[in-house]
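Subsequent text provides structure tokens for two forms of one protein chain, presented individually as structure 1 and structure 2.
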Structure 1
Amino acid sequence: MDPNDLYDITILGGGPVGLFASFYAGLRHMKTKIIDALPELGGQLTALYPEKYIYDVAGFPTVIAKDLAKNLIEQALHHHPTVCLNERIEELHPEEFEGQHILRLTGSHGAIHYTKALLLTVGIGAFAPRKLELENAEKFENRFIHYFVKDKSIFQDKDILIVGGGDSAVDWALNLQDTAKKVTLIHRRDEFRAHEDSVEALMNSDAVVKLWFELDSIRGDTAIESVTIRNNKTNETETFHADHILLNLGFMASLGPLKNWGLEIEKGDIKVTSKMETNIECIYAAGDIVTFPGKLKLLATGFGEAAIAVNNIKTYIDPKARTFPGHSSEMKSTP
């Protein structure tokens, strides 16, 4: 192994917690790498709810998720970490290098990474949207059938069909009212999983809401021309024009190969100590993926866990270093 290929810390998961951890690792002068399975950084903020407002991040009375992600990315890249996207880590092997315990990680495309410590900030795992098994659906995916909303301007003055009954479906039905020409939401039951206030707002909005309906078929050649929905109680069908379909059917998340690494896992979450250590030497974890007594799955707590993990990793790889980093406001150069 070329010693230049050895990183102090590799952060698996470039979501909000991994990004803040990367900033902190730079602050502590650690050679840092971030690896993420998705094509862009930001985790759930970017992939699942970029246009939603967040109200409970300290110092931001309100912030749109994609703007928070943009700021976190800017902060994380300040110290120039190496970033590897579109890559999952499949295998993990402990190794010795110059008498030091290190890890060799093998990525999904065969790439090899060497690191002194690994920080797992993999959130809910590598996630993929639940898809609808419908003829024609695949050919429209990404252009006219969407599982994520990255840029709501593509819905400007369009007829949108939203499928789902959870928070994402209801929130988008409300959020797109100022953009779309018409929003129709269908849900296969008459009870929503979404927040009560959101459902009440939906029912009082201009959106057309159809309960007990499921998407039956999609017609169109190069673009969607019409959709047919079917009432699952009466079998009655309705056909109408839609330009875009937004499918909010939930996500399947999987820890994948991480489950086989010997980590102590409780109900799908990785158990950590108060220093964010897992049961395996030199592997730490933080954010949505971890569990400990009193754990809350929030951005606010995840950021704190990132700082705790990175500062403890610092003393793990350099026992002479102090765990407490000092205050950034009192550092001599710009951190």
Structure 2
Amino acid sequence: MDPNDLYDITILGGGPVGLFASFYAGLRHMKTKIIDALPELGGQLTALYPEKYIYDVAGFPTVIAKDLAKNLIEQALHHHPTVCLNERIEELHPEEFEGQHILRLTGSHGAIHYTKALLLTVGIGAFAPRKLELENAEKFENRFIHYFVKDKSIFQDKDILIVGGGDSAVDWALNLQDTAKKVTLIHRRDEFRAHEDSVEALMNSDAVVKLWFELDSIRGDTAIESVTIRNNKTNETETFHADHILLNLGFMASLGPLKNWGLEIEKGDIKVTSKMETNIECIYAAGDIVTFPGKLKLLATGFGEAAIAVNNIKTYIDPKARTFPGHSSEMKSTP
């Protein structure tokens, strides 16, 4: 192995947590590589909801996901990490190099990566939306039935039906107020799985909210003409016009090859210590993929976990280094 091929830290996952970890690794003067299976950096911010507003990131009263991703990418690339996109890591093998424990990673296209430490920031893992199991639904997908929104301008002056009761459904019902002609949200329960503040804003908005309702049928040939919804308590049905349907039914996530690496996993999440260490030497993890007592799956906490992981990786690969590097305002790093 050429010593030039060996990195201090390899970050598996180019979403917001991985991007911030890359920036912080640069602050600690670590040779850094980012690997992501998607064709672009940004993770869910760019792949799932680039037009969605985000309210709970410190310093941003309101920020659109794609704008937050753009800033995170700019910040992450400040120290010039190596970036490998469209690549999935299939295998992991420990090796010894000059008396040091390192990892050899094999990519989906046969590429080999060497690293002193691995940081897993893969979010919820490989994800796919839960599909609507309804007659006629498949033929409208990606044209009039949507699981992701890349460009909300397609909803301009249209009647939109939103299905779901989580943060994404509620956020889109609010976000599309200034775009759609009419927004109707149906939820099969009377309790939302969303931030209380967002739910309050929804109930005071112009959106039509119907609780205990589920989507029963879709009518139309080349485009959606009408939808019928059914009250799951009374079996009452209503039929009305809709141009587009936005489904927020959750995602099916998979750890993929990671589940075969010997990591300690609990309910689909990777267990870590307070230092973000996994049970395998030199492998750390941060963000939505991890679990520990008191864990909260938020961007805000994920950024903090990234910093904790990177600083502890620094001392792992260089025992003479300090875990706490000092405040960034005191560091010699050009803005």
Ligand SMILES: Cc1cc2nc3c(=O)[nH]c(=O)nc-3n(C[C@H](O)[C@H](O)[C@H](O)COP(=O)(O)OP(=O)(O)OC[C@H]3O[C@@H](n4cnc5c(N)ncnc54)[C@H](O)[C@@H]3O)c2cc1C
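Here, a residue number simply tells you its place in the sequence of structure 1, counted from 1. Note that the structure is a prediction, hence the values are computed from the model and not measured. Under this definition, the rigid core comprises the largest set of C-alpha atoms superposing within 1.5 Å between the forms.
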Fill in the blank from the handout: Which block is the form predicted together with this ligand? Structure 1
Exercise for the section: Using a rigid core alignment, state whether the CA of residue 101 is displaced by 2 Å or more between structures 1 and 2. Expected result: no
Exercise for the section: Answer yes if the CA of residue 261 moves 2 Å or more between structures 1 and 2 after aligning the rigid core, and no otherwise. Expected result: no
Exercise for the section: Using a superposition on the rigid core, decide whether the Cα position of residue 167 changes by 2 angstroms or more between structures 1 and 2. Expected result: yes
Fill in the blank from the handout: After superposing on the rigid core, the Cα of residue 201 moves between structures 1 and 2 by an amount in angstrom of 8.5
Handout entry: between structures 1 and 2, how far the Cα of residue 156 shifts once the core is aligned, in Å
Key = 5.4
